[in-house]
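The data below hold one chain only, encoded as structure tokens and taken in the form predicted alone.
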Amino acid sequence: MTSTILRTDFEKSVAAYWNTHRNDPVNLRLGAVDDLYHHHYGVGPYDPTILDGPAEDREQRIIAELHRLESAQADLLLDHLGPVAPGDLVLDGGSGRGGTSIMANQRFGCEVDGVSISEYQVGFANEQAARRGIADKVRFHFRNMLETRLPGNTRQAIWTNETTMYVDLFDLYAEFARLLRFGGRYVCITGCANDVTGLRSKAVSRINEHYTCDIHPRSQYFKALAANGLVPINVVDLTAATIPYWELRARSEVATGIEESFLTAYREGSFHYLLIAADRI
């Protein structure tokens, strides 16, 4: 089964990365704030007063604020999904530890399927759903989002939250177009390279190397969407909105050293943080 899900050496290396990074303090310490675990970054200004006050719990305040910004990012994504009814089916492509999927169920009451090529992430996320008593409506599968094996024309909404840099976009959007109902909505939040300067940026190269990913140029998203009948209805540049998250994380105990690469890439304009919402026609 594993060999049919992980079809290339690159996919195997990505799965190995996430299967072995089980104790990543960024994801685990932030998720422990309210037992909602994300695998993405944050948006919005942070509260500067958290840096004041007693030093002994300063780090705890920073962690809680970073997590608030993460959840704000997921809420922003869900804001762009359009109408989702309790009876609708939605898909989380590259679902990580399941945070956005759980938030979608809480907000809409809908059924959510999440897919990931990390068996560890799938197990973790399913445990989270079971602990919350929603395993009948929020399910996570060890599958490739390029070939989900889910029935076609069934999804009212699909999203990818910082996962598209691991796949071929044309293959991905062909699968999503198959799954979406006519008029259904796809929402993507992603980091992408400036077509003019990004692919030559040392900071972008360091991000690729750090996360074992392959960051796409911005134009590739719109070419792949158009090729598969997915028409953008909204594009939001979140670059300025995500910089405070990275500035705060760089001051925290969970900093990994990659923070400066993100800040450099965003500030020099070689890297963009975009939200794209597109409808299936």
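Start at 1 with the first residue shown and count on from there. This structure is a prediction, so every number in the text was calculated from the model and none was measured.
In what follows, reference is made to the form predicted together with a further copy of the same chain, a form of this protein that is not presented.
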| property | result |
| --- | --- |
| Partner proximity in the predicted complex: D79 to a further copy of the same chain, non-hydrogen atom cutoff 4.5 Å | no |
| Proximity of E119 to a further copy of the same chain in the predicted complex, heavy atoms at 4.5 Å | no |
| M165, heavy atom within 4.5 angstroms of a further copy of the same chain in the predicted complex | yes |
| Contact flag, Q106 vs a further copy of the same chain in the predicted complex, heavy atom cut 4.5 Å | no |
| Segment that reaches a further copy of the same chain in the predicted complex - one of 229 to 237, 58 to 66, 252 to 260, 33 to 41, heavy atoms within 4.5 Å | 229 to 237 |
| Contacts with a further copy of the same chain in the predicted complex, stretch 179 to 202 (heavy atom within 4.5 Å) | F182, G183, D195, V196, T197, G198, L199, R200, K202 |
| Change in CA distance between G198 and T164 in the predicted complex, which is 3 Å or more, as closer or farther | farther |
| Change in CA distance between N161 and R200 in the predicted complex, which is 3 Å or more, as closer or farther | closer |
